[in-house]
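Two versions of one and the same chain are coming, encoded as structure tokens; call them structure 1 and structure 2.
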Structure 1
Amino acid sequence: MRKKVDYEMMVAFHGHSCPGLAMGYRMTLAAMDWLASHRAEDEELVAITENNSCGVDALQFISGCTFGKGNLVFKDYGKQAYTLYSRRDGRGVRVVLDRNAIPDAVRKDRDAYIDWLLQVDEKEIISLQEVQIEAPDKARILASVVCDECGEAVMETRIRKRGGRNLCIPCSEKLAS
């Protein structure tokens, strides 16, 4: 089932139109089709991205797996690949875009390149593979503790103890140096 995405709104979110965003758009829709899933209202979907380039904004915008919601996991592998995982049914799919399948000729004109990426048959550039993965941890809400040095509130798991005092990471590092 093809989800309707407002492409222009997605471009507005990203800030510009570019081939990388178009790649992320095709990859995300392909993976969502595979999962036959809808946009995550909360945390039903989890996305694992293996890069942090432009296309990830399409992934965030379309899948609803966002940096702020805690259901976007970054693995810094430098690969043009995402995994989408549905918490509802425990299914996961890894989508890879094959840059080598893109003819050199189409890359010469940026706008034509974007159009080509948006129109090319999915099978020509995208591969999908079901994956078995552990359900990623859910985002948690934790208590706050005040840093004894700067007085700012800090999530309790990020407090560093030093001489019996509760310190935030920057204050702890400053006092150590």
Structure 2
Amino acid sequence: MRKKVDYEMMVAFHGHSCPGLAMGYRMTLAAMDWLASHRAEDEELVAITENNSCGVDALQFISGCTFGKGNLVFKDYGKQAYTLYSRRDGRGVRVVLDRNAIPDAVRKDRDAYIDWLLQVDEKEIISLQEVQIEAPDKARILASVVCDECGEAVMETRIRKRGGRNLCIPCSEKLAS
């Protein structure tokens, strides 16, 4: 029953139920089970996503890894794959969804597709592989610097120096063209 409750709460967070969310849900649960881990309160877990689709909301909701905490890393590879890494024990797992295992007939009916994804045996659609990764740096709190062009505060590491002026990236790019 826990999974159903979690799924409904996650749907409320995401805004709707869809196949991508169901995929991310199943993938994240599998990886969390493999790591025998609980939701990250701070940065004890790190998640690396290789896509920016609906399933990433499931990854954030279940794992507790978020951009705001600095423990969600985005690599724009366009793959339905996540890596979860536990700082506690140094173990990592890469989880991949096998889209080829999804029957064509199921894909044609959105509700049936979601139901199938939520009920199919994990071994039929998900592969888990232990991975060794270098522990990502913990999030750093950096000073803000005011852009001399637009007046907005900018993280100091994102400031561009131009003619002795501190510029945010958009202003720097606008003035360069």
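Numbering runs along the sequence of structure 1, starting at 1. All values reported here derive from a predicted model rather than from experimental measurement. The term rigid core refers to the most C-alpha atoms you can superpose between the two forms while keeping them within 1.5 Å.
Here the chain coming from the form predicted alone is structure 2, while structure 1 comes from the other form. Core-aligned CA deviation for residue 18 between the two structures: less than 2 Å. Taking the core as reference, the C-alpha deviation of residue 160 between the two structures is 3.0 Å.
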